[in-house]
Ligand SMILES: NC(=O)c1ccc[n+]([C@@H]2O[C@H](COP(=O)([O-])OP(=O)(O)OC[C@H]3O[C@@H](n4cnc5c(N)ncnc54)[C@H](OP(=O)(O)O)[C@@H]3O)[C@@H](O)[C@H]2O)c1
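Just the one chain here, the form predicted on its own, laid out as structure tokens.
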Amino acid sequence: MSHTSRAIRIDRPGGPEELKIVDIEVGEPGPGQIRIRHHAVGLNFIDTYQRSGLYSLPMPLQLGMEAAGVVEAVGEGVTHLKVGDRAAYASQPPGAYCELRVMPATCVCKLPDAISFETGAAMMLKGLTTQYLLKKTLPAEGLQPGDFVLFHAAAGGVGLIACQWAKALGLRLIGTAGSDAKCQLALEHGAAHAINYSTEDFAARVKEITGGAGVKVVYDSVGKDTFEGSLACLRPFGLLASFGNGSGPVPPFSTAVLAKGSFYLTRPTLFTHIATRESTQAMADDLFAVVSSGAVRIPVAQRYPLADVQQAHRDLEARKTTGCTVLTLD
């Protein structure tokens, strides 16, 4: 039996104008799969990378990496979910921009009743990213309460979650953002310091804040525009975790730049961390616990109907958004 669903598809890489609403037929789940009816879909920068062609994927392509909804059908071998479960996920392959989809069950988690669909859709990719950064992507000396860390784009979806979670861990997070208003937002969410990188030299300011010592780790999702400055912020044996390309990919460089302080450099991805059912659930349990406790609030600051996805992409790329953005289907 098949079901009709609205979905957002692109037939070629390009700008937001390539995002088209289409009707698709959705069948029954096979082994290891589920069918889920979405109530809300998360919007992420990775969606724009895939749409533009920065991350090359086969066409036509249905975008979207995270969502929340209700499980409608379960395929053979799926034991952690049942029909009627509220569920949320961050998962490959893309395809969340739709009302209904069949997808692998590995990365789909039962959503606690206390967490709304909008929050669930907004928190999975960004919250799990924050979890692996602060808990698993650590400098050689580790992180202890009182340590300084630098987090770029601190007023974005990942950034505002990181501000709160770092504070809960006792870390002193220095956040950067592109306006005074966004810096204030980061401070309100737990950042110890905030730097407007459009008006200040963030590397010089970090050295001033840390008394010249620098930070143990820089979490950098901006890429090209901040890479050199991020390295300049590190203390000896510090770690630069480059996990995004908001300003474009980092150009080729000589590894000799790491010799200044015996620095470490990593380019982690969420999907390496959630490659198994066990790791996905363990990370999600940690995220659900910190959200349910109130230590981390998920700031859903923008909502767009699915049909307005082009405008949502324009606003995201123009840095007009803060916190998390969801596409609504109700």
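Start at 1 with the first residue shown and count on from there. Nothing here was measured: the structure is a model prediction, and the numbers come from that model.
This protein has a second form, the form predicted in complex with the named molecule, left out of what is shown; the following refers to that one.
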property: Interface membership of residue 319, the named molecule in the model of the complex, 4.5 Å heavy atom rule; result: yes
property: Distance check, residue 45 to the named molecule in the model of the complex, heavy atom within 4.5 Å; result: yes
property: The named molecule contact in the model of the complex: residue 221, any heavy atom under 4.5 Å; result: yes
property: Any non-hydrogen atom of residue 266 within 4.5 angstroms of the named molecule in the model of the complex; result: no
property: Three-residue site 65, 91 and 117 fully in contact with the named molecule in the model of the complex at 4.5 Å by heavy atom; result: no
property: Region of this chain that lies against the named molecule in the model of the complex, out of 73-81, 172-180, 199-207, 92-100 [heavy atom, 4.5 Å]; result: 172-180
property: Candidate from 108, 217, 163, 125 lying within 4.5 Å of the named molecule in the model of the complex - any heavy atom; result: 125
property: Sequence-ordered list of residues in 244-281 near the named molecule in the model of the complex, where near means a heavy atom within 4.5 Å; result: 244, 245, 246, 247, 267, 268, 269, 270
